[in-house]
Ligand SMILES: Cc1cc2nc3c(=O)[nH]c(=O)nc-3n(C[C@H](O)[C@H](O)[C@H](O)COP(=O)(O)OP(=O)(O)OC[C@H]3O[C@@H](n4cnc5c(N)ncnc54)[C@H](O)[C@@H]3O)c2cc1C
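Just the one chain here, the form predicted alone, laid out as structure tokens.
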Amino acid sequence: MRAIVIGGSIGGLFTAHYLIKLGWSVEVYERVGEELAGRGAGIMTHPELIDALSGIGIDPGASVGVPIQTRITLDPQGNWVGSLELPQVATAWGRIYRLLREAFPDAYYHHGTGVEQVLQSDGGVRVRLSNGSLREADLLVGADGIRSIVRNLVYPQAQPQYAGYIAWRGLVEEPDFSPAAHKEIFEYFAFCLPPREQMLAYPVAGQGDNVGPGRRRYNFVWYRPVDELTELPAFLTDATGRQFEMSIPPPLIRPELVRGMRADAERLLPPAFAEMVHKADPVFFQPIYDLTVERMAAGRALITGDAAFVARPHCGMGVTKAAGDAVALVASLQRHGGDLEAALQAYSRERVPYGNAVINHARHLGAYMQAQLKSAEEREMAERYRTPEAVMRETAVPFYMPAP
């Protein structure tokens, strides 16, 4: 059996590895022309992610990330207003990508190759690539993210919905911290909760996946409301006046937006956090979106990871969810033997409810940061999840489907 995987990031690589484990022939096409390992920032590991790596023979090892024992919340003056013992390991997106990419044969991974057209028939799928060539296979996997081309074939009604806020992100090298700031926050998963905002930060590995003291980095995410109609268009406009649709390349973010964000840090955040924001270079922001679908398969095509469901980052489930999609797909293929389309439909019926549950949980966690709280449910969730106790307990922890 032959599969074409569109998208060579973590979700696509997980799916490709698991299909190869079943004996399939797999070709991966990634539109970006260079390796992706330098992209992304910090993520939290979950048991399901480690199990998914182990299932394809990848041992992440003790150096997968930085162990964290305690979560804390600081007020604007830097005083502790809450703490929670919650052991976890923080890693980097690039670390998981490299583990998957290094174990995948170069001959079957194609950089700089996008998809122009997708066709399918009863017997398979045909893909026209950006280089003009045609490829045929038994299965097409869309792991091509929030702007997925394959999703337009599987469920064209789906459109990302802006959540009402953005996330500023950055990394600071451990030696760049002052001794006072390092002592105050560096070893912790730390939070601060300005009105209608949330700052969180935690240590991750440094260059070369180094987790030794003095060689790590500190990753922060600062969620801030930005109104979709009155503010977001300006955030997505570069210095030349060009406006981008859903996100703006980090190098094109206007310097005055960065200066304004850093000035707000001095006014709103504890001194250690404000220092961190000023020392991070570069910084960038991402608008936060929700994306849901009602099905994840149609005929011989399926979508996986962020091509199907994009949850707000509060859950910390993006990478783990993509890994779980791959595991569920292969399990369904094994159960249904040679009936490929029945296997894909079963995969969809299993993973759609899970994706919706993750989306809803993430919406609840982020409700109080929305620029506009339009519904009674949003207002209720905003009250429920704005306390330090709730934020520390629910953010970036393993997610399990609620009982029916």
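What you see is a predicted model; the values in this text were computed from it and never measured. Numbers for residues come from their place in the sequence shown, where the first is 1.
The same protein has a further form, the form predicted together with the named molecule, not shown here; the description that follows concerns it.
Taking a 4.5 Å heavy atom cutoff to the named molecule in the model of the complex, the contact residue among 152, 286, 161, 120 is 286.
Of the residues given (206, 316, 94, 170), 316 alone sits with a heavy atom within 4.5 Å of the named molecule in the model of the complex.
Stretch 162-170 is the answer when you ask which of 236-244, 162-170, 290-298, 131-139 has residues with heavy atoms within 4.5 Å of the named molecule in the model of the complex. Residue contact check for residue 322: one or more of its heavy atoms lie within 4.5 Å of the named molecule in the model of the complex. Contact check for residue 6: a non-hydrogen atom falls within 4.5 Å of the named molecule in the model of the complex. Residue contact check for residue 185: none of its heavy atoms lie within 4.5 Å of the named molecule in the model of the complex. In the model of the complex, the named molecule sits beyond 4.5 Å of every heavy atom of residue 201.
Annotation for 249-284: no interface residues with the named molecule in the model of the complex [heavy atom within 4.5 Å].
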